[in-house]
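In the form predicted alone, a lone chain appears below as structure tokens.
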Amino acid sequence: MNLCNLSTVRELLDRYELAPRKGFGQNFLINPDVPARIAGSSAMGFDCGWGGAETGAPDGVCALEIGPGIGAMTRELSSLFHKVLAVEIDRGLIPLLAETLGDCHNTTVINEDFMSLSLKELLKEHFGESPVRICANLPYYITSPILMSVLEAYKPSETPQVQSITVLIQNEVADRLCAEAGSDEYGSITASVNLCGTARKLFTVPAGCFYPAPKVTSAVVQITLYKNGVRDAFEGLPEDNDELDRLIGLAKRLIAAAFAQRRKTLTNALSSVCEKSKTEEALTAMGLRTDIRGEKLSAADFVTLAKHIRGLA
């Protein structure tokens, strides 16, 4: 059964009396090369190209898929990973998935709203201590909340069980996730992601690869989480885990405040978090202008700023 064949997709949906639901952002892939390339890139840790993965994921690595749809990418993941867990919010798709994934014996499908679950508990229940890679064709309307729920599931001082997140999202959002500090696309989510890992745009996907076709181009982004937590990315961090978590927590609040009023100077934008004089003093110590805007600071800069404000620099 070719789950990317448009006639097959329509026949399956008709037989189960289903239709793509806008409320769930359902756009099913109808180009078989796309799910193969996404799943392969997740397994190999880089863009595997249109030919798909040459080998599977390292031994014991498992996959979590958010929103399997009718199972096209799930089947690819099943062939590449030790175990696969697919979380599907649409109750109507569960019996359909039982058919399309019936021979994928290493795959489990659960009918849950991913946003209502505890990621850490979910992974422990299904995968134990095994490393996990997340893969998804995400609904555009909930991309950022889902990504941040994954990234914030772990304390900055913790070693995350999730190794990477490979997602198909709106191209405009992909550009924001991978933007450089100071660019027009750079924003709060860019800096927030960079506190947890590094994002790379792998390839774009035209609207014609979906049923129904969206009105925008999509792209695949891979976020690789820092293997041992935030200490892998930034220097001079506190040795005490609680102090480290408080420091990064402050950096997150600074990022949120800076981009909530991005046209204001950083000193003014952060006035609800820190006294203006203290922000100016910290910026001066960092060798930055006191009238600089937050959009010019990288994630590392926000961490350094937080260190100065907390007296740790």
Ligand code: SAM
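These numbers were taken from a predicted model, which means no experiment stands behind them. Residue numbers run from 1 along the displayed sequence.
What follows is about the form predicted in complex with the ligand, which we do not show.
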Site test, 177, 197 and 233 vs the ligand in the model of the complex, non-hydrogen atom cutoff 4.5 Å: no
The listed residue (101, 150, 219, 89) that reaches within 4.5 Å of the ligand in the model of the complex by any heavy atom is 89
Considering 251, 270, 29, 43, which brings a non-hydrogen atom within 4.5 Å of the ligand in the model of the complex? 29
Considering the ligand in the model of the complex, find the one stretch among 68-76, 198-206, 121-129, 185-193 with heavy atoms no farther than 4.5 Å from it. 68-76
Could you tell me if residue 142 has a non-hydrogen atom within 4.5 Å of the ligand in the model of the complex? yes
I'd like to know if residue 16 sits close to the ligand in the model of the complex, meaning any non-hydrogen atom pair within 4.5 angstroms. no
I'd like to check something about residue 114: if you look in the model of the complex, is any of its heavy atoms closer than or equal to 4.5 Å to a heavy atom of the ligand? yes
So in the model of the complex, does any heavy atom of residue 137 sit within 4.5 Å of the ligand? yes
What residues, if any, in 251-278 have a non-hydrogen atom within 4.5 angstroms of the ligand in the model of the complex? none
